[in-house]
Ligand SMILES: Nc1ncnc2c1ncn2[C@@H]1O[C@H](COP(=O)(O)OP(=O)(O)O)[C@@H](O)[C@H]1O
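Only one chain is given next, in structure tokens, and it is the form predicted on its own.
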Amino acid sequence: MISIRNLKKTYPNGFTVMENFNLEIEPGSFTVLVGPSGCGKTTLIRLISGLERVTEGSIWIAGKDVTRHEPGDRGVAVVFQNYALYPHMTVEKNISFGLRNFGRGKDEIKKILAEVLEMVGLTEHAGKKPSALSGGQRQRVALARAISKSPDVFLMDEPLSNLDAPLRAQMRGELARLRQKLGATFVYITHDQAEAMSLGDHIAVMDGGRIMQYGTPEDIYDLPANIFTARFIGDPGMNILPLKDGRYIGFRGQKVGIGRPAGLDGIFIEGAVSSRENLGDAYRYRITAQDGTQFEMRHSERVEVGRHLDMFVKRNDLHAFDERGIRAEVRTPGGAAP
């Protein structure tokens, strides 16, 4: 378990990234940190790893207070976005270098090398230098180096962001497989919605050094606790429309229907198509409502730009938020317009 208690981080220039920050990460879990740039994700990873010092509070790993421990004494391994490989060393030397520094014997290092290289599919590339490898292979070397340390915790700061889309999808599958095989605790930073939803069994949505919501991917997506989470999670994020009483109503673009069915328990919206994007299996539309409010609709039907539409959202697909942007009870009468 990773237990972060009343954490505060202030830099020498006086800027406080986070304060009174608390988070409990279960052992063996895969927790994904998501949020806009500057929200504190990378700072949190660096604090857990010991690469930066805590201003106040404490960090516990496996029941031990490691707040003042050196990075090498925390039982963690970090995988960075830029791989951080030694360009003049071969694959096997990049992996074995750290093992030698930790005092592992020659035979033990040889055994570990064989195991981790096979695990990440790089056995035949052991003698190559990073410059002779593809981006995906370099990331595998970084993973192998981390795995070789047999850590209790893997900390990963956007490790796949430099890869193209097909390779990212492949590496996500490999990470999921490694996670099942290793049984370690993973803390993973990403801006990729697909990565967050597919890899994580828990997601922490962060903003301004605070956790806006922490829960399973299903809870985060289906039951957002606030407007920030609702808008941030999803591709696209949830549509949020203001109501006359100061509250807000939210709905996913996939849940918008075209037409005006009789006896609807939900809301009707009228508007015009202002733009259309072909996604292959569907179209994403930008809709301008009669009051000028804009929202997105995802639909399989092709509609011309400029066309006026009657649209609806069923009550069960609506989300309500109070004046503060906090999740509330849906109180929309059947067939009412927002």
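Don't overthink the numbering: it's just position in the shown sequence, from 1. Given the structure is predicted, the values throughout are model-derived calculations rather than measurements.
Although it is not shown, the form predicted in complex with the named molecule is what the next lines describe.
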One residue of I287, I48, C39, V313 in contact with the named molecule, assessed in the predicted bound form (non-hydrogen atom, 4.5 angstroms):
C39
Taking the shortest heavy atom distance, is T43 within 4.5 Å of the named molecule in the predicted bound form?
yes
So, A320 and the named molecule: in the predicted bound form, are they within 4.5 Å at any heavy atom pair?
no
Please check if I25 has a heavy atom lying within 4.5 Å of any heavy atom of the named molecule in the predicted bound form.
no
Among 301-309, 31-39, 279-287, 64-72, the region lying within 4.5 Å of the named molecule in the predicted bound form by heavy atom distance
31-39
Between 1-29 and the named molecule in the predicted bound form, list the residues on our side with a heavy atom within 4.5 Å.
Y11, N13, F15, V17
